[in-house]
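Read the single chain below, which is given as structure tokens and is the form predicted alone.
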Amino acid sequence: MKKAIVVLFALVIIAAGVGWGLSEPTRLSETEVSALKEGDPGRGETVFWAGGCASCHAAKGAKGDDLLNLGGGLRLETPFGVFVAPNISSSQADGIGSWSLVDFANAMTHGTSPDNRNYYPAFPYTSYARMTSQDLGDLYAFMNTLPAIGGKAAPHELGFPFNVRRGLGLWKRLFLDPEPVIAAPVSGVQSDTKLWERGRYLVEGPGHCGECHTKRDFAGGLVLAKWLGGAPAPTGDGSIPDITPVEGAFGSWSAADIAYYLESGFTPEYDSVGGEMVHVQENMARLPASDREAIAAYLKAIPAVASAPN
């Protein structure tokens, strides 16, 4: 009996050690670090709007230049607890003004902080992981031109076990994947390949559309078989629509309809955009027309969720 207890204790220690190692925050490889270059803030502004940074980190109801004051504070109420958007302004004391480009890229693509902690995926790094080193450098350059806003945001309000950040390292091993979700346009759909690939990059990467429009499993990971097929609202109030090309509803929209909606906020039936999509549409309206066309081309040439396996 005593021997069995010793063996069991040893196994527990070994399992704990393995779990601790697997939950270690990950970072960029040396090769990835060497690919990073200081970017162009002009190009970075386009990445900023594509990424929707102001939607979470500017003050609620902000308009115009106030959208560039990224002091955080927005409360995101979810089934896992309340997440509070942090200050990501250029303030060195309270924001990210002291971060290096490598710090910034580690946060964006690995969900790892400069002090080696795991970030919660309310920050959509699982999508940003697909961003190019060029766009990361450009976005970093633009962020450094924005105003420094004083004051730290309030802490998250999370209960056990969600307040144990280390456990997110295991979550990231399951759900953080920089590979494309959709490998190629569905067969039978005619599409300009380069335009479609640009749309895929914008939707799956900086635009992080799947973070809201895709169903999640019990652990909060995206169910990729239901990619963009609609989901309960992350806040638990209402639902987010299916934006795959299923028959009827959104699937009946043409690529031109989608591009126009992203530019103007008007549907083919002349209804106007509402809810949280207002912020997204306003961001998309700031992109080049070719990018909105690319997003539309992608959405018209992905698998319809109705045909996806359960």
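No experiment lies behind these values; they were computed from the predicted model shown. Position 1 is the first residue in the sequence shown; the rest follow in order.
The next section is about a form of this same protein that is not shown, the form predicted together with a small molecule.
- Proximity of R165 to the small molecule in the model of the complex: non-hydrogen atoms within 4.5 Å are present.
- Although the partner is absent here, S34 is not a contact residue: none of its heavy atoms lies within 4.5 angstroms of the small molecule in the model of the complex.
- Using a 4.5 Å cutoff between non-hydrogen atoms, L76 counts as a contact of the small molecule in the model of the complex.
- For the chain shown alone, L67 is not a contact residue for the small molecule in the model of the complex, no non-hydrogen atom being within 4.5 angstroms.
- Note on contacts: among D271, E247, E30, E38, the single residue with a heavy atom within 4.5 Å of the small molecule in the model of the complex is D271.
- P86 is the sole member of P185, G229, P86, G137 with a non-hydrogen atom within 4.5 Å of the small molecule in the model of the complex.
- Proximity to the small molecule in the model of the complex holds for none of R43, F142 and P178, with the criterion being a heavy atom within 4.5 Å.
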